[in-house]
Ligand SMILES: C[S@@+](CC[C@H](N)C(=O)[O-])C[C@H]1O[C@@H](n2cnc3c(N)ncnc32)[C@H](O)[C@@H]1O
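A lone chain, given as C-alpha cells: the form predicted alone.
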C-alpha cells in the first residue's frame, strides 16, 4: 500500500474522532467522509505498517443509512460531517462508542451506560458560532468557515444550518461590508492583516444576540458604522464589540471594547439567568444543556444541607443550579473573568449560599489540603466539568482524599472520561451510571454525565 494508491474499501464503523474505519488486505484504513455500510474508493494519503489514512474519492455503493445532506457546503466544510448519516444511526453509534471506550480505556468490563439522550433540535441548535476572515487571491477579505482539515483555507458561506438564521444574516452582511470598506483580512500563516474572526452568539431561550469582531488592530474602516448597522439588523442584537487579539495565536478572543450596548447578554437555564460576555463560556446548545444539567443535579442527589464542590465551574452555571438544593456550593475556576461573572450571576439570581474561588483546580485543592488557603470545604458531593483533556492525576487524587460520598463527572470527551473513571475506581469509588448526551448532532462529539459513589 502506497501514498496516492486507489483502494476499494468497505466501511464497517466510525472511530471516536469521526473518521470512518475499513480494512484492506488486513490493514486498518481511516477514511474521511465514509459512513458505515458504504463501499468506497479512496486515495491513500498516509501509509504505515499497521494502518493507513485515505481521502474519499467516490462512494461506489452507499450505505442504507446514507441520506442526502441538506447543507450545500457538506462536502467541503469541516463542521457537521455526519449530515449524510441517518440521525437515529448517529445516536446508536455514539452510545456504542461511549460503552466501548469505557471498556477499552477505562478497563470497566460492563459499564452502566444509559440510553443516549437525543438532541431536541437536529439543526439550528448552536447558540454560538465563530467565522474566520482570510484574504482572497485578489486581496479582498473573505469571511466564512474552514475547509475540511485546513486551518488556513476558508470558504464563504451561503448558509449554515447549525446557528440561527439571524447569525447567517449577520455573517452575510459583514461579508459585504468588509468588501465594500476594504477591510484587511488577517492571514493565519503570514500573520499579516487586521480582521481575524466574527463570533455571533444568539441565545435561543431569551432570544438575545451578541456580535464580536476579533481583530489584530483597532484601526478598521467604518467600524462604528458597521456596529450600528449590525445592531439595526434585529432588535435581538443587544451587544456589539471589538475583541483585540494582537498575538499570533489564532483564537477568537481578546481585550474587549464595547461598541453597542453593555457587552453582556443573558440566557436562562434551569430557571436561572446567566450573563454572557464576549469571552465567557456557556454550553453551546442551550436546550440540551438544560437536560444535561438536570441529569447532573439528579446524580448529585442533594437533600438541602450538603456542601457541594464544583470544579471547573466557568461562570457558575452548574454551581448556582446546585446551590438551590444544597447547604453550600463552592465553585472553582481558573479564568478570573469567569469567576467575576459567576459572582454577578449569583447576585443576579439572589443566591447567597454560593461562593467562588479563583485558581486552577489542582493548585486550589493543594492549597486547601496544606492549609494555605482559608475556608477549606468538606464536601459530601464533588462535581467536575473539565475541558477535553480531562482531570490531572493530582486532581483525581485530591478529590478522592476529600472522600465525598458522590462524584458527578460532566465530560465532553469519552476517552479522558474513561481514563479518569479508571483512576477513581482504583481509589475506592464505584461507577454507578454513565449517561451520554448528544449536544452536537452531525458531529462526532459526545457529552456524558457519570456518577461515582464511595463504598461505605
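Residue numbers count along the first chain shown, from 1. If you're wondering where the values come from, they're calculated on a predicted model, not measured in any experiment.
Missing here is the form predicted in complex with this ligand; even so, the following discussion is about that form.
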| property | result |
| --- | --- |
| Listed residue (334, 234, 353, 325) with a non-hydrogen atom within 4.5 angstroms of this ligand in the model of the complex | 334 |
| Contact assignment for this ligand in the model of the complex, among 385, 275, 380, 208, heavy atom within 4.5 Å | 385 |
| One stretch from 355 to 363, 153 to 161, 71 to 79, 117 to 125 that, in the model of the complex, holds residues within 4.5 Å of this ligand by heavy atom | 355 to 363 |
| Contact of residue 283 with this ligand in the model of the complex (heavy atom, 4.5 Å) | yes |
| 4.5 Å heavy atom contact, residue 312 and this ligand in the model of the complex | yes |
| 4.5 Å heavy atom contact, residue 197 to this ligand in the model of the complex | no |
| Proximity of residue 293 to this ligand in the model of the complex, heavy atoms at 4.5 Å | yes |
